[in-house]
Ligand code: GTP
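Shown below, as structure tokens, is a lone chain in the form predicted on its own; questions about how it binds or moves come after it.
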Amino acid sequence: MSEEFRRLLSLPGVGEATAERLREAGYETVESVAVASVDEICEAVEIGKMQARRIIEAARKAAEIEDFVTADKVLEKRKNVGWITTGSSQLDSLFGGGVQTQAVTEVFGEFGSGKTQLAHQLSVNVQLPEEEGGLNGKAIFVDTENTFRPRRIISMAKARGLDPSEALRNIFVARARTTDRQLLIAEKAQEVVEKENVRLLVFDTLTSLFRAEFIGRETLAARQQKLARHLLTLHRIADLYNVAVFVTNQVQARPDLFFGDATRPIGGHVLGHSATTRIYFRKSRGNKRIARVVDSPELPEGESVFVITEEGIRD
């Protein structure tokens, strides 16, 4: 049972059946109930207006929404932000110190560009002490394309001086085979974050199942709505629990573009506007890769070069 479902159950007049109906109708959080109209709740759970009004009023009290906070309080919260080293000092510099908590960082690129390699590397590096670029924490790795490889974790852990067996035990792996399963795993991940010292949540790849299940322009609206709801959950986890959320993304070709790079990331504007920081990876010669900042609220545009070795991501 997720924390949000427990919060719904805590509302006066909301039992398990009512909470389940609310969730099925799209009211998955106390906040979503708080901003709903009486008629909407009546229709969603088939109850009278009086009971619906009581539920909404209780939700508004439980939400405890602060309309405004002063900027100094925002700054104080930002002081808790942590960074996870990528293994490359040049790549860390491009990321502003590494992959940060309280944010959703997206890396997109073609196959073989190093996205999954970095996902594995971060799952190891988050376990390092802070003075070595880690957060003394654990990781959750959500695998949607059968890309997680324990042996890669072992080689990377050895290179960083970590016990390989301990490193594996500090990574919780979940395999998602459908978009519904992926969304449920995200909700379940919140429970694991609460119980364990999880400081990194990885989705590799975020969009692959959405791309496979929703085919054709007529399904685009439904896909984007579902993806938007998924991203809201990831942002909530990042913000509430000071977790770094790292997602990889696929690209598609643009045959209408004759000059420049003819690739663009999957997910459209929903993902483009939601990701805190977007980084584009592309192949170079040999084992070299090039990373470029595409969008960020605080990072300047720039590029860096890194390599993928047997030991992991390096300069």
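Being a predicted model, the structure only gives us computed values, none of them experimental. Residue positions are given as counts along the sequence shown, with the first one as 1.
What comes next is about the form predicted together with this ligand, which does not appear here.
With respect to this ligand in the predicted bound form, the three residues Glu145, Arg152 and Glu310 uniformly fall within 4.5 angstroms at the level of their nearest heavy atom. Checked against this ligand in the predicted bound form, the residues Ser113, Thr105, Thr207, Gln127 give one hit for a heavy atom within 4.5 Å, which is Ser113. Arg278 falls outside the set of residues with a heavy atom inside 4.5 Å of this ligand in the predicted bound form. Looking at Gln51, you'd find every heavy atom of it more than 4.5 angstroms from this ligand in the predicted bound form. Although the partner is absent here, Gln117 sits close enough that one of its heavy atoms falls within 4.5 Å of this ligand in the predicted bound form. Put simply, Ser32 is far from this ligand in the predicted bound form: not one heavy atom of it is within 4.5 Å. Only one of 75 to 83, 105 to 113, 134 to 142, 190 to 198 places residue heavy atoms within 4.5 angstroms of this ligand in the predicted bound form, namely 105 to 113.
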